[in-house]
Every structure is written in structure tokens, then in C-alpha cells.
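What follows are C-alpha cells for two forms of the same protein chain, given separately as structure 1 and structure 2.
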Structure 1
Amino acid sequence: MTTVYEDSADSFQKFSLTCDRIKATPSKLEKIRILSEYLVGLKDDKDLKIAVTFLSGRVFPPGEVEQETNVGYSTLWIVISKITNSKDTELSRYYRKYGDLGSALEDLISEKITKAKNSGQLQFSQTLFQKSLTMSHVYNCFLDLSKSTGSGSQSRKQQILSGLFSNITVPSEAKYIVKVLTNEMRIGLVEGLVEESVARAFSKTLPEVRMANLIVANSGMVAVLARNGKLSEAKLLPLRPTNYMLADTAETAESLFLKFKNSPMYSEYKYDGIRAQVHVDSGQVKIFSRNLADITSFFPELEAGTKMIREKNSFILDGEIIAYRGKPLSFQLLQRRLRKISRSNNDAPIKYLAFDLLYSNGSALIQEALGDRVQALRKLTLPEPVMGFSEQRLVSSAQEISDMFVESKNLGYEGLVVKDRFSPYTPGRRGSNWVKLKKELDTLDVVIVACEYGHGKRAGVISDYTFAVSDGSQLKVVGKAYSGLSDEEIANMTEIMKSLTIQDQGYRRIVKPQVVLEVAFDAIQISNRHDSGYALRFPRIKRIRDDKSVKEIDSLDKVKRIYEGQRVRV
């Protein structure tokens, strides 16, 4: 047996064992100490960047790689069964023990090794312990996964993964390969602790590191800049995504008005689409989604339209893409574009409504007052009909806000976003400088945790979805929805649910919590049917929130707040 234990700080083995140590301690201070020592020990900047990116729960730094790896549970399941020579039932048993595939794999490998040793058959471990993995080798394999598209890509992906798994030196490495790929690190290391560790490792203050991270949205890059004393270079630049400024919520026009210290304020329609940054630099265009994925290729007409803006050589716009033809169309049409079901502007036309200008010809504008940014924005000539400015007016009373809210709803929009005209743009922060007003009873963003086949004409498709909200690190079920999706969406969802299946119970499937839904409902009631203690009354799916991750779903606290806020308890 060739066992190569590379004791280098930059090996993937060291990364994995460090993650295990971080997970094992409940103390935040100890986690920071372990991680900062590890980061200091990394010799190569490239490896430092990769390690911090993985630790932040990402496979790639935002904006640097066009395609995700697109490795789902089903692909991993096949590869794991093959390399560990396990049956489905055996793998399911291990999976159920941990609820995460990475830990299941680690345990499975460890047991197989023990068994092989005990029986004198070292065949299994021989294939495992060959040569040790470096951080950059793992990263490059992930890049290869993201590049494998089109026909034959599934078997290519399986080959890459098998290659990776067969080169591990300790079972823990296999676990973290899976955890990084499935975005399930779960080692008790929230982004804040990674930032604290970077600050401590390279003798910087936490606010410096945090600010840099909010602006460049790339914690790996920030770590490298911090180590090299170049944090001041963490600047907003076109073609590199930044975090979005977020809005607070108000329940009524009155309470919204009272949140502002400066009047008049800007009031804008709240468009029901997807948030997008449009970046331009010397003719090159990139469009980023809310979770900072590169979505340029989904909207070729927007890319082409952006190139027609002649006033500036480089700029960054913030705005919303909506489905639109003379009037707003259903959000479902936009989703056809995002799923590449439809690529053309003919059957799923879109419009980009710009509401902010973050960068212009070599200067970041985020520190400037909104009024000045908007003035600069409105000097651009945006190509109609694919681009336009958001509807925006100065308002100075709750009555004006209420009137504009009704107007916005009547036109088919969602409500209003009201903004302080003196406020800077604060990436990644939800504050009271932007406040949204939606409708009386809110919607909830939830995640699907289980699903069932339908009945009657929906017998062959998965059309019933059980969904949950977050409660700390747990998920709590609040309801089951049957309505709101079109037949086409249900057909598509059936495939997605199959690929996310963790446990197949025949008519019902437990699925990996990944698909986020926005659900509307009539009321919330107390119920012992679900483990949350609450149930939504008449839930209906408003839309599938492809743009949101499970980290962004609503909390049980919000459910409680809405319940308590209902005037008539059901």
C-alpha cells in the first residue's frame, strides 16, 4: 500500500483535518484560533484563497467562474456507491444517520477500511491511499466539473469525482469534497467567524476585513489582500460583483413614513422580478444575479442593449429584470428564461429597470448620496424597450406613499421601495435607508423538504410540496402546497425533486432542502400537524425562487410575528 501523508499546510488533508477540529469545538474563540493559525500556515496565496472560499461555503469565488459545478446528490450518490462498492440501502442507512452525504461517506469509508483490514483484504484501501491531494488540485477538479457540459458530461463528471475520491489520504477529505460541492460545510463557522479569523491571522481589524468583504463579495480575495497588506485594494470594480443593498420592511404607509428622518424621500415602484447588477468595462458586459452568479448568457438582449449605452466606458447599474411587454408579465415567464426553457425575447420578453448607479467611469459612487447617484444615472440614454429607469418620485407624506402604493399595485407591481435621498449605497446591509412596502399579509420564502405524487391528472408527477422555514440551524415544516405552478413547471419540478431525493418512500420523497418557494397564504394558524407548531392556511405557490438559497428563507420567528399580528386569529 502506498500511503503518502503530505504534511504540508497546503494539502487538502490539512484543510479537512482543520475543519474537523473547528467543528469539534463549540467555542467561537477556539474556532477562530484554530482557523487563524491554519490560515497563517498556508504558504501559497492561491491556496489561501481557495481555503477561505471553501470555508465561506462557496466552491468558486463569486464572479470568477461562469458555470457552477452542477453536481447534484444523484451524481454523488452514484459515484459513492461505485467507489465504496455499496448498495443503495447501505448508503441510505449511512445517510440517515447523519443527514448529510459528506459525513455518511466518511463513515462508510472508515468502516470499509476497518473491515478490509480485519479480513486481510487490503484491496479497498489500496485504491484509496495513493497520492495526497493539494488544494489547487481539488480546486482544478471542481473547475473541470463546471466545464463539463453537454452530452457525455454526466459520465465525465463521475470520472472526475471518482478520480478525486480515489486520491484521498484520510476519509475526512472525502467528506469535505462532498460538503464543499453540496454547500453543506456545517462546521459551525458562519461568515463572520471566517472574517474574524482572517483579521486575526493577518493582524487586521474586523471592520476593515468586513467592509472589504461586503464590497468585493469575495472572502478568498480579501484574505489574500489582508495577508499582503493590501486591503485598501478591495475596491468596487466593474465586472466584479458586489453585495446588494437590501431593504427593511414596513407594514403600513404610516409606519414606513415614520422610519425616515429626511423628507421628502424617493419612492419607487417595487418590481416583481430578479435583482441584477449590470457591469460594463470597455465594451465587456457581465450581469450578476442576487446570489452573485453570472447570468449574462441568459439575457443576450440585455447584454446587447447595455453595449449601446454610449455615455460611459465603464459603469455598474443596480436594478431589476422583469418579464415585460408594454406591461408587466408573469414572473413565470422570467423563470423560463432562467431555466433556459426559453431563450428569446419573443415568447419571454424582459425589461431591465435601473434604479441605481454604483460605479461610473473609473469612480465608485457608493459613498455618494442617493440623490447624486440617481442624477448621474438618469443622464444615461438607456435603449428602449429592453432597458428603462424605475418609476421614481419624491414623496413627503404617508398619504402620498399610500396613493403611490395603490397605483403600483393597480399597474401589476408589488408595492413600493422608499429610499432616503441622502443615503450612501451600503453593500450587503439591510437598513432603514431603503424600506419596502408590500401587501397586507406578507408572503413567506420557504424551502421544500419533502414531496408527493399528485392524484388524478397529476398521478405521474410530483405536485405536492411540503415546505419549511428556518429555526436556528433547523428546518421546521409550516405547510404543504398543491397549487400555483403550471403543468410545465410541475413537470420540471418532478425532475428536480427526483434529483434531490434523499429517501424514496414510494409515493413520498424526502428531498435535500434546496428549492426555495415564495408562498402566499390567507392566514397562519396554530397546528400540531407540523413540527413548527404552525400551519399556513390555503398556501399557494407564488413562484419558485431560483434566485434565493436555503440560507435566505424566512424564519419561524417571522411566522410567529405574522401570526401574532393577525387581527383575527384563525
Structure 2
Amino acid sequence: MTTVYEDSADSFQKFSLTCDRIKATPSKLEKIRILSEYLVGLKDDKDLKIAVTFLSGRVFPPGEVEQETNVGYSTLWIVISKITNSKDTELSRYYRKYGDLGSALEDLISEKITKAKNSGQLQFSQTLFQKSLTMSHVYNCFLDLSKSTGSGSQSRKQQILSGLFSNITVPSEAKYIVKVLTNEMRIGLVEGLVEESVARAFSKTLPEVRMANLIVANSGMVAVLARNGKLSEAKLLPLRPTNYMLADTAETAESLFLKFKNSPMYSEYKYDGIRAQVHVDSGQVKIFSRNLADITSFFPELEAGTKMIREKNSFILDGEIIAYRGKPLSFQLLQRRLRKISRSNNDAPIKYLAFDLLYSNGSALIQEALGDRVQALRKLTLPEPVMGFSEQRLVSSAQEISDMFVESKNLGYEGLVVKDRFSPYTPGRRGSNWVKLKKELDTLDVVIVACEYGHGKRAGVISDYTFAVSDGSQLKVVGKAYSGLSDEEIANMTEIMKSLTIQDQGYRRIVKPQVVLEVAFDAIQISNRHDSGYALRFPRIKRIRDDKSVKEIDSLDKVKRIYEGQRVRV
């Protein structure tokens, strides 16, 4: 079979080949040149928006699609095994080589086609190549995936994916279908380079492109506005999410206090919940998470409560959703709500604690001082018990910060965020105007019982470690960590894990329990994922304990004691 290379600007093949060219060069300037020339060639605004959205590491523009595709590795694995007629062991071999499923699929398809051609059996390649894919067709298939919910949805998703893969014209198309769906582009194209490419393609300055993207958080839309000379229309508007302002970190109250030039400053509790923007316009409500996903349907009581605010016809709040019943409840209860399609009376009650006002009745407030925004916010009448204001007060010393930190922890919250009262709201930026103070809960000595190969830059090395504590003569798993070790330590651990392997499951290995780690964590929660019945929240490796044997690891009883001693627990 002769491969036909598609010159059409809107073809997915051209997108894929462009991505390969970008990945192949280490030069940032060359990456920008290649991408800008590709963007100029996209004549249709819709194709331009889709391409830039994909290149920015998203399937859909933020706020424009209610449901994500919800296609995980397991679904892709099943489909890939079927379309390539490959066994799990064969697919695992390719996966271990690259550390991402897209590249594994490309290599697997290429080898299958070569073998089919050499043997004179073209049936495999003929079943794959039917018609060329366009950007719009791929995007519409992704939309169909997002709409496939409920009974039979997995079967429907597999059918859609099989249809997509059957229409590829070069193996790299299959690779980038997977890479876009799994948010694993990894072609050396960070968002900043996409912005530079848009600026070069449409003769705009980088600062104006970057500012527009920070405000509307939609790189595809910004590219279309840039081409049409309408970047001035990139404004903060209700029902369209904006990037969140982020906080720097400090280890102590003293070091935090020294970061600020202006005193007094606002200090507020750091809540253990979901950061959320609440948007209202003409009676319509939308709620967006920190990753700009629309989560309105998961919190119907918050949507209903927001509609009861009568003082403003349109506004945007920034705040935190927490599980709350007279006192804070476990974050785990909040997570469960995000995994459910329908609500029930057994759901944990929630409360939205607002701490900032970004927009009010036709005017963006992000350039106003925090003190003025807070004053405007406090004039709203928020409907209890589903909404309220965060605890905010002025502090003037490290001692006051330390005292309020202890108060926050005693109430079951995570710590503090301290803010310059004169600071504007800077979307998408982390700086010293907001600084958080948060301490880890405790550490445990644990032993590694299983491990997995990493992704991307960690392809080919074992970097994910499942660990356990002792329970009498048994070991019980309490978590998994993949952060905290240096590249040199990971390389060394890879050889150690291979030498200790009891069972090789492909990308995962069961190992002899010998390597002891000290892990830190923020909380312990009840979990049915592990045989211990518990899971560490946000575990990270502090160090490898070469000085300790498996006989010296901590016990499940200690895990239970820490859990019972938490202020907030399930």
C-alpha cells in the first residue's frame, strides 16, 4: 500500500506531521517557526481554534463543553488491542519502551503494517485506511465521546474510537489521537511557545496575546481573535472561566511575614476543598473548577443558592467548596460527589466560602485592590447555609499569623493564605502577593511492595512506588508516591526494583518488600482501594531509609491513630 500524504490544511494528518516536526527540533525558535506557518495555513477559524486547543494540551476549550471525554487508559488499551490484534504482553512491551500509549500505538501499527506488506497480507493495513480525517471530524468524535454517558457508554466509546482509528492515513495520526485524549502531547511545546507562535503568525505582540490568554483562559479563542484583529475583545465575562490567581508558599510564619511590604495584610483560612469560580449572568449559573472544568451539575444546591443572590445581576466569585456539616468534613466526601452523575440524600453537605469578587454588573474588578474587592464582596447577602464568606482578618505580625495558623488547624482547616491588601487579581500567575502557609501532617516509614514505569521524561525508568505498613505478620498497602526523588535516585531505584522483582506484569512489578521509604502526607482517609482500608493523601517521598529494615516500618495501628487524631476525618 502506498501512503498518501494529505496536503489539505484542515487534515488531521497535517496536524500530526506538524507535531512530529515540532518534536524533532530542540530549537525553540524553530518550533515557533514551524507552528506559526502551520497556523497561518489554517483558513477556517474553527480549525484554527481546534488545533491551538489541542496543542495547548486540552481536548475542549475551557467552559465550552459540560462533560470531558472520560476516556482512560483502560478503554484505549482495549480498543488498541482489538484494532491491532495484539495481546496485552505485546502492547505492554511497546508501552514500556515509550512510557506513553500514543507513541506505543504508532510503533505497533507501523510494525504490523510492515509485517503485513512483507508477508503479502494487506488485510491489516486495508482495515485501517478508509478515508482521511479532518480536524473537525476528530473534534466532533471527541464531542461524541463526551456525550456518551450512562448505561452502555463504554461500548459506545469503544465504537467511536475504533471508527476514528480505522480512518487514519499515517500511524502518527493514531498517536496524536491518543496523546490529545490523554493530555500527553509532550512535543516540547509549552503554552508560552504556543502564544509566541500565535503572535508571530498573526503579527501581534507577545504581551497582548499572553494577557488575552490569561484573562479568557482559552488559547484557541485567542488565536482566532488575533487573526481577526480583535484581541481587545478578550475580556473577563461571566459564564466564561478565567485563570485563577495562585499563591506562593512559605515554610514558617516568620518567612511568610517577610515576603510582604505592606502591613497589615489579609490573612484567611486555607480550606481543604475545591477551588471554584461561581459565575452568574441573567439568572444563569456556572461553576468552574481550578482546571476550568464546568462542575455546575455536581453541586445543584450551590447553583440554586447562587440564584437567590439578588443584589447583583451578574458577578464572578472566587472561593472554595468544602464538605461541611457544622464543621469541616473530609475532602474525600467531596471527591465522591465529583464521581457521581446523580445526586442523593447521602451526599455530603457542602458550603461555598467566597473570598474574592472578580466581576460585578458589567465591570471587571481584577485591576482593583484586594481591599476594595473584599469590601464589595461583603456587601452581598449570601444564602446560608450553602454559601458564606471565608474567614478574613487583618494581621500585622508574624505572631498574629502563627496564632491564626494554629487556630485554623484546630478548626480542621489546612492552614492560612496571607494576601497583600493592595494587590490586583492576576489570573494565572503565582507571586508573593498571595502566600500560603501549610504544614504536612506527619511522616511514616513504609516499604515498597510494587512499582510502575513512569511516563514522558520518566519513560523507561521505574518511578511510581506502591508502599505498605505492617499489620502483624502481614503488609497492608496505604498509598502510592511518585515525587520526591532525584533523577539519579530514580535511576538507581530502577535497577534495585528490577533485582527485587517477584512478578513482572509488564508496566507494573510486584517486588520483594525490602526498600524502606519515609513518606510525608497531608491527611489520611478511609479507602477501599487499598487492603489496609486507608490511604495517605498527597504522599511524597522525603527520603530513602537505607538505615532501616522492613522490620522497622510503621504499623497499621499508627496509621489508625493518626487518622483518629485528625481534626477532619470521614
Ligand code: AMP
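Residue numbering: structure 1 sequence, from 1. Bear in mind the structure is a predicted one, so any value in this text is a computation, not a measurement. Heads up, when I say rigid core I mean the largest set of C-alphas that superpose within 1.5 Å between the two forms.
As for origin, structure 2 is the form predicted on its own and structure 1 is not. Once you line up the core between structure 1 and structure 2, the Cα of L556 ends up 2 Å or more from where it was. Core-superposed comparison between structure 1 and structure 2: CA of N291 displaced by less than 2 Å. Once you line up the core between structure 1 and structure 2, the Cα of D504 ends up 2 Å or more from where it was. Core superposition places the Cα of E90 2.8 Å apart between structure 1 and structure 2.
Superposing the two forms on their core, we find that the Cα atom of Q514 is displaced by 26.2 Å between structure 1 and structure 2.
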